[in-house]
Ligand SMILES: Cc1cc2nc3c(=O)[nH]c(=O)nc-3n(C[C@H](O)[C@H](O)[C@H](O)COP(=O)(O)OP(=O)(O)OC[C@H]3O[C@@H](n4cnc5c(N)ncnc54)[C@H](O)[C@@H]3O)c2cc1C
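The form predicted alone is given below as one chain in structure tokens.
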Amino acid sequence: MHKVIILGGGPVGLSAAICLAQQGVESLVIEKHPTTTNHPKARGVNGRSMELFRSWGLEDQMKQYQMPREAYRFTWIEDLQGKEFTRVQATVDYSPYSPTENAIIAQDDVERELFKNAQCNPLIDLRFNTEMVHATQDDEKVTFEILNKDTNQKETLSARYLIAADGANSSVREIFNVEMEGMDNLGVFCNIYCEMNLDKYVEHRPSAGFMFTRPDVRGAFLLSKKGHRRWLVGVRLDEEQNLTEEVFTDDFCVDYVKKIINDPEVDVRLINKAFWTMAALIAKQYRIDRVFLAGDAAHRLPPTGGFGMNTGIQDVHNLAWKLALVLNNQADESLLDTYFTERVQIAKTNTSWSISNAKRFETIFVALAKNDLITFEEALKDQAHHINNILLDLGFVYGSEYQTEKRYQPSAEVGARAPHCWLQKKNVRISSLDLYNNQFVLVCHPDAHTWQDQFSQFPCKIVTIGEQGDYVDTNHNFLEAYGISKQGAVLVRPDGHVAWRSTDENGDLASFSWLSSS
């Protein structure tokens, strides 16, 4: 019997396998397609996801695909040869808060690097071009029937747990009758992925996205994959304008792209196209006994803000260490219930924020149709919030609701992502975040003898930070950032979030029940 089977080999499923491997847990990944995606899909990798990629040794591999920083903006124009209205710029500086930063990297590139990493890991078994036919579960296991599409052979497998990362139309969600709530259709779109040289139109104003306001193509958008040559053109289907799925033949797609560019001579090579429905849906439960939903199977976020893939990757980062503790008999199964209670609030907040971004686009286009330039300009100014969202990115706190109007302030309160501080040991510089990968870690000053003695009986690593400690904080800001005195301590979970904190030597260990001394 397998310990964990993961259904879905996209960014969330592959991340789940890597997270489990970090905990020493073997997994089997089943993916119905023969390869990773050949369509860019999502493009935004937020700062927290980049921190995870960094912890998996993938930061440099991912960054080779990212767009130049100067292109992190939206440009609003009539068309590529018409009037330019404004450029909405990304202005957040991540350097005080993180050892890395957010990046615009297409999903196909992300998947490719995750796949290569998983393929080289002896704890991960990848089976692509394999489809799950059916699944059932009992008190001890989940049983699967799978079909190898290469050989047309069926096989029955079982596992202690199943992670369903099988996308928006999840078959697992359907098999186990999990309902979703929210808005199931905020518009149907066609993404046209193509190759063309637009240097003469964009070289002087590199942008992640161009939003068109010309009446006959209003609402269409042009997204850059890596700054030039390859582009994603998005078109909203509209029966009144005869933009139905049937009309999007290959020839029509090429002609429509030329229409958007306003240049019939541009050489457009169609790579592929994809239809998708914008929705805002969240599953009513993420856990059905031994089955867990993750990513789009658990929540469908509007892409306006780029939190869909990121929310899914962080789902499995939250779940993996909990599964590892249970599988290793270090925690009761009730710990697995916290996966839903912690992650569903994040999904709700990210969904609500993404809906607000989508509505802002609608406000802009309605104002244009009415020639209401005052509303149009106000909404454009407000769009800066769309791409400057470090509070949602790094500031989410488990067990606490977002206050999205606040400025981001790093915190070591319980549930928060532990703050980043630069540390040094001899000639090696690391981030404090590099300490939190696969186990509980108690961080404190060398003088915090009370907590070092107390936690020596627990299965956690103890790291002292300060002069004469294991590490020196080079900017002398560790105690302030973590909100403790020299006698205080912070216990950080394997996913980098704070499990417990005492500002001095008088804290209460009874408030923390997940870690047993046995």
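So that there is no doubt, residue numbering starts at 1 and follows the sequence shown. The structure displayed is predicted, hence computed values, not measured ones.
What follows is about the form predicted together with the named molecule, which we do not show.
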Contact test in the predicted bound form: F307 vs the named molecule, heavy atoms, 4.5 Å: yes
Although the named molecule is absent from this view, report whether V12 comes within 4.5 Å of it in the predicted bound form, heavy atoms only. yes
Is it the case that H33, even though its partner is missing from this view, gets within 4.5 Å of the named molecule in the predicted bound form, heavy atoms only? yes
Answer for F252 alone: is it within 4.5 Å of the named molecule in the predicted bound form, judged on heavy atom distances? no
As a check of understanding, the residue in S354, N102, S207, T130 with any heavy atom within 4.5 Å of the named molecule in the predicted bound form should be identified as T130
Which one of G167, P410, G219, G182 is close to the named molecule in the predicted bound form, taking close to mean a heavy atom within 4.5 Å? G167
Given that the partner is absent here, state which listed stretch (423 to 431, 331 to 339, 159 to 167, 389 to 397) has heavy atoms within 4.5 Å of the named molecule in the predicted bound form. 159 to 167
So which residues in 259 to 281, when you check the named molecule in the predicted bound form, have a heavy atom no farther than 4.5 Å from it? W276
